[in-house]
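Quick heads-up: it's one chain on its own, the form predicted on its own, in structure tokens.
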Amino acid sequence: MCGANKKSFWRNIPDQIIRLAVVTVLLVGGAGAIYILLPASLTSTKLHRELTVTAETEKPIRFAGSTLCGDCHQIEYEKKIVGYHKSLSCETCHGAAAAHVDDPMAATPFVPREREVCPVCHEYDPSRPTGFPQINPTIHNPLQSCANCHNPHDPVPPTTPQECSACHAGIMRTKSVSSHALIACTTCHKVPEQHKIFPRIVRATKPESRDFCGTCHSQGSSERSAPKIDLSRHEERYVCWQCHYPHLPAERL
């Protein structure tokens, strides 16, 4: 009876399931056979790691590292490690220097005196973070070497930029075509003097209450040209800039 039940069970399995099972067994078996036949260099993680380490260590050493540079160029190194370029390796600007360390007289590092070098990082690019020093090389002291005004190891500007557009060029372009174009930045932002020197540490303030925008936009405000709203009923749960981009307030976020 048990044998008859087994035969009946196999007869009831659809042919498609049987064919799929056979194909699956063949694929799994074939993959296992291939894995067994592959050389260890293709399947052993340990061996692959060892071969990779060997290949990398056999490559010639081209970079020396900034610490070794400081052994001979102490004045420049000490100035750099506390300046605006402290996060840059010396070889970022001077090129690979291992040969120079081995024989200082035989190999001389590259000295970037050409004007084209610094704009690689400092030419205006809207994708760079706010506050990153950027210039338009065409109009910024044209034809002058950057090192004429800036010490490359700590490139402090000769004078601190006073205009907001020096760092916030993108915002200024947006604001210039908005209804807030004639409003000075300091009308809405209190800007500590230190913000111009350490913009990421000392920050300008932002309006934190609805009443601030209401100075011009609430009903009863003496500012004639500004659109008016009832602060007690107009989106009373939100601060204004949560819905309106302040530098282009006609656009809602």
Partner chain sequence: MNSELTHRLSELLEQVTGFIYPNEIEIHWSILIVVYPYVTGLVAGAFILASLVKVFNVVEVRPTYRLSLLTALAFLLIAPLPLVLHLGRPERAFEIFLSPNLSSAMAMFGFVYAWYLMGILLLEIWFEYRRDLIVWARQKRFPMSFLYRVLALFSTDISDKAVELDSRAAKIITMIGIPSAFLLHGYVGFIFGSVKANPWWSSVLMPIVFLMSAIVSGIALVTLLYMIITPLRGKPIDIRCLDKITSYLFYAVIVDFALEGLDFIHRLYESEESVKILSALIDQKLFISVLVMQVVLGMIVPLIMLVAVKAGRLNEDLRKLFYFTSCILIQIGIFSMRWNVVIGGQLFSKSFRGLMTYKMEVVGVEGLLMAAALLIAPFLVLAVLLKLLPAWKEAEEH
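We call the rigid core the largest set of C-alpha positions that still match within 1.5 Å between the two forms. Worth saying up front: this structure is predicted, and the values here are computed from it rather than measured. Residue numbers count along the first chain shown, from 1.
The form predicted in complex with the partner chain exists for this protein as well; it is not shown, and the discussion that follows is about that form.
(message) Q194, S218 and L231 - do all three of these have some heavy atom no more than 4.5 Å from the partner chain in the model of the complex?
(response) Not a single listed residue reaches the partner chain in the model of the complex, so no.
(request) Tell me, yes or no, whether Y35 is in contact with the partner chain in the model of the complex, where a contact means a heavy atom of each within 4.5 Å. (result) The answer is yes: Y35 has a heavy atom within 4.5 Å of the partner chain.
(message) Within 4.5 Å, heavy atoms only: does L42 come near the partner chain in the model of the complex?
(response) L42 belongs to the contact set for the partner chain.
(message) Taking the partner chain as it sits in the model of the complex, is Q242 in contact with it (heavy atom to heavy atom, 4.5 Å or less)?
(response) Because no heavy atom of Q242 falls inside 4.5 Å of the partner chain in the model of the complex, the answer is no.
(message) Is it the case that E236, even though its partner is missing from this view, gets within 4.5 Å of the partner chain in the model of the complex, heavy atoms only?
(response) Answer no; every heavy atom of E236 is more than 4.5 Å from the partner chain in the model of the complex.
(request) Look at the stretches 43 to 51, 182 to 190, 197 to 205, 222 to 230 and give the one with heavy atoms within 4.5 Å of the partner chain in the model of the complex. (result) Flagged stretch: 43 to 51.
(message) Checking P60 here: with the core superposed, does its CA move 2 Å or more between the shown form and the other one?
(response) No; P60 is a residue whose C-alpha shifts by less than 2 Å between the shown form and the other one when the cores are overlaid.
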